[in-house]
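Taking the form predicted on its own, here's one chain by itself in structure tokens.
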């Protein structure tokens, strides 16, 4: 037998996305330099995404480093914080006090040679230090300046700080999450931060595209609540049409169904049979083919009526309870509807499918050695993303960046260190010796990664 058209299609797609070739292919943002003045999650993740797409990201930390995030999440190796490490992929880490006049001058020289700046400090801080958008755009008219924050820098709530939980609360997301009759529920894990960072990275890319067309830089910002509100699907038009608040529905999708999560014999399982053919297949699988022609369930609008949907969900719940996940997945494949196990983190981590698609990968980090990190859901055949290293020790790249990008001499760098404007890896010998630290290869290959 010959190869079917379907088999040929999947083989072709697998070939052009060959995971083993990804590290050797060009990256879409190669040649773009991003200055990162961020803390915690919402800010750092955005330039981390840009770095995975090939941008050269330089993270600037003040005298205390990212004091709010480096020590919070559990660590398993000296100075390798598991949260900080994966939220700061592919960055150079320098120590620089930009509040000090000499630090400010060095920072301005760095920004003058950069394409974008991302920050999420208290709204007015950078401006108070003389390195805000209105200051830096004079030095670099093509700069894309992007701020991540809570409620924005203009409007009624301007300047009020926010964390992920507050963003979920103020956006309305927490209010509609959970089961009927239960209190509002925060969605795990820092969804406002990670969605916000994704939108922020997109904003920087849009700014770069604008500059490509006009030659001018621009300012952009994104806040927690507005970003989450954007992803709350049909909520706002529903309220405008009905005058009613959106109800909590737990594990049942009341807008696209039947689709819900059910307990089965050995685990929890998600089942969806939305389209007419899918619903017909589900009815046949449940041994109730006549339901597909029942006036209550004949089409999508009929099936989504409250009483009809509740009846379908009740029947599905009874049907799945004595079957295993494996049985249900096989039945779903045979009858043409969707079914999947509700995975836990261990299931995800051990998934061969996700590892093959580089959603979990092993990074041979030049400082920490072998580290397991998450990937990116974006796949590009010719310009894939890549992870070279994880978040690194505070100030480890200071000398390298100040020398090879800013253009300072050894004497100038030593003078800055004496005045406590910056630190480098030599100022942390005990910490780095514990890790068996040695200068990574890029120190020996000057300019290999950098656009000098």
Partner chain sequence: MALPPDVIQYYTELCKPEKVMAQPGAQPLEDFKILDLSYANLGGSYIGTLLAEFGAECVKVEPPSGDPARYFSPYGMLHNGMGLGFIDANRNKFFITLNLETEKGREIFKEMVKKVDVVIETFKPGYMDSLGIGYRQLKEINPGLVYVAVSNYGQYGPLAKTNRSGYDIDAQAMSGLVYHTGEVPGTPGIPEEAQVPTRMGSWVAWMSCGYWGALGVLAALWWRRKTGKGQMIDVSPWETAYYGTDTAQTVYQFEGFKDEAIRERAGPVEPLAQIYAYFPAKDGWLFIGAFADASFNSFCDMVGRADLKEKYPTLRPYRVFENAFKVYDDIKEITKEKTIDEWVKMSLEWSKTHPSVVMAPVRRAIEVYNDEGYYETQTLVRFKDPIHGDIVISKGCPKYCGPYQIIKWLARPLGADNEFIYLKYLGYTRDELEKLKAEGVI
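Positions refer to the first chain, counted from 1. Quick caveat, the model's predicted, so the values are computed rather than measured.
Keep in mind that the form predicted in complex with its partner chain is missing from the display, and what follows is about it.
Tell me, please, which stretch of 99-107, 284-292, 264-272, 314-322 lies within 4.5 angstroms of its partner chain in the predicted bound form when heavy atoms are compared?
It is the stretch 264-272.
Contact label in the predicted bound form: residue 407 to its partner chain, heavy atom within 4.5 Å:
No - in the predicted bound form, heavy atoms of residue 407 and its partner chain never come within 4.5 Å of each other.
Any of the heavy atoms of residue 377 lying within 4.5 Å of its partner chain in the predicted bound form?
Residue 377: yes, in contact with its partner chain in the predicted bound form.
Classify residue 364 as contacting or not contacting its partner chain in the predicted bound form by the rule of any non-hydrogen atom within 4.5 angstroms, answering yes or no.
Residue-level check for residue 364: no, no contact with its partner chain.
So in the predicted bound form, is its partner chain close enough to residue 417 to count as touching (4.5 Å, heavy atoms)?
No, residue 417 stays farther than 4.5 Å from its partner chain in the predicted bound form.
If you apply a 4.5 angstroms heavy atom cut-off, which residues in 231-256 are near its partner chain in the predicted bound form?
If the 4.5 Å heavy-atom criterion is applied to its partner chain in the predicted bound form, 231-256 yields 231, 232, 233, 234, 235, 236, 237, 238, 239, 240, 241, 242, 243, 244, 245, 246, 249, 250, 251, 252, 253, 254, 255, 256.
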